[in-house]
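One chain comes next, on its own, written out as structure tokens in the form predicted alone.
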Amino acid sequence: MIALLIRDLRLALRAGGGFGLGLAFFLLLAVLIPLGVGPEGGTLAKIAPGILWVGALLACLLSLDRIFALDFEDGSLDLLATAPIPLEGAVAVKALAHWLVTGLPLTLAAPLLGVLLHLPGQGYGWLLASLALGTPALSSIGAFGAALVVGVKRGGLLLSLLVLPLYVPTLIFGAEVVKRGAAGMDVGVPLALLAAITLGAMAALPFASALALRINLR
């Protein structure tokens, strides 16, 4: 499992499209939004939680099709399906690798970009907490979507259409945590729901993803 994780991290960093592309997209979004809606701090502060979460979500989406595509093309996916380690475990490791090269860097960079959007001071800690808690769900859901379209030529658009509706609950509760935290309100309910989504996705979706891979590899 550890060898598979290290391999996927190396491939992601060598091939690009993960760490650098996601951060670049996130940065561009944070820079362009003030240019589009105006530099007024009050306006930006109101929309900052939603914008930062939408940016993180879309940045994660950019590299989802690469989770299984390279392994499918070179035949490694067939070997994983017949390897002694469970395919569900391999899927979980690949989702973890995706989070390490996309979700984690985006989480760490988000507070810096929050400055550009005039996020209130009380919201920075909750922004970090919500992204750290919610982005693993994005990677797990994305791995499930990638497993459904593996082998489909130019399946990036189809993957986006499949995954985006599943991302909506995470987006809603993640942005709500930041919004309430920035306003000094109680964040217990949305934070608990966000945690429930993440735990549920991490527990159930590796099995669903493995099933989808087995069907597509027949």
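A residue's number is simply how far along the shown sequence it sits, counting from 1. What you see is a predicted model; the values in this text were computed from it and never measured.
Omitted from view is the form predicted together with a further copy of the same chain, to which the following refers.
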For A24, is any heavy atom within 4.5 Å of a further copy of the same chain in the predicted complex, or not?
-> yes
Flag L57 as yes or no: does it have a non-hydrogen atom within 4.5 angstroms of any non-hydrogen atom of a further copy of the same chain in the predicted complex?
-> yes
a further copy of the same chain contact in the predicted complex: A182, any heavy atom under 4.5 Å = no
Does a further copy of the same chain come within 4.5 Å of any heavy atom of L161 in the predicted complex?
-> yes
Taking a further copy of the same chain in the predicted complex and a 4.5 Å non-hydrogen atom cutoff, the residues of 33-49 making contact are I33, L35, G36, V37, G38, E40, T43, K46, I47
